[in-house]
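One chain follows as structure tokens, the form predicted on its own.
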Amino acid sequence: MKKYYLYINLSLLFFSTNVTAEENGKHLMKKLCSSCHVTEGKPTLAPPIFAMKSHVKRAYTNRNDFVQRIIDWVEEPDAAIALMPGAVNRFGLMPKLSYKEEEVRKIAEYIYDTKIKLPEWYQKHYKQKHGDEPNQ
């Protein structure tokens, strides 16, 4: 009987930890990123989250590589290695931000794991520029 309760308690702890991590990544993205990177509509200050995800995931399909690329980029943006040179030309280079690595990791994991609805205009734009569908 005790083993059964222990199993249920551990399962609940594991489940609640996963939910909290996802919610935390979403919350951090809204708090730290959405003032420049929109999640819907057309961009005004920086590429939208869905565009950034498509380009980074195209180059870094593995989750860990994707996450590390985002961490490295936020820590030290560099126009010479930009995956979106058109966005750098349009919006300028993203400034270096002093966010905690663990916060950026949670945001990047959330972005990688979450299917983001793509506006029709972006799907057409991406296909025209790259010849294939955006990688979500």
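Bear in mind that the values here come from a model prediction, so they are computed numbers and not experimental data. Quick note: we count residues from 1 along the sequence shown, nothing fancier.
From this point on, the text means the form predicted in complex with a small molecule, which you will not see here.
K.L.:
Is there any non-hydrogen atom of W73 lying within 4.5 Å of the small molecule in the predicted complex?
P.N.:
Flag for W73 set to yes.
K.L.:
Taking the shortest heavy atom distance, is M52 within 4.5 Å of the small molecule in the predicted complex?
P.N.:
Close contact exists here: in the predicted complex, M52 approaches the small molecule to within 4.5 Å, heavy atoms only.
K.L.:
So in the predicted complex, is the small molecule close enough to Y110 to count as touching (4.5 Å, heavy atoms)?
P.N.:
Heavy-atom contact with the small molecule at 4.5 Å: absent for Y110.
K.L.:
Flag V67 as yes or no: does it have a non-hydrogen atom within 4.5 angstroms of any non-hydrogen atom of the small molecule in the predicted complex?
P.N.:
V67 lies outside the contact set for the small molecule.
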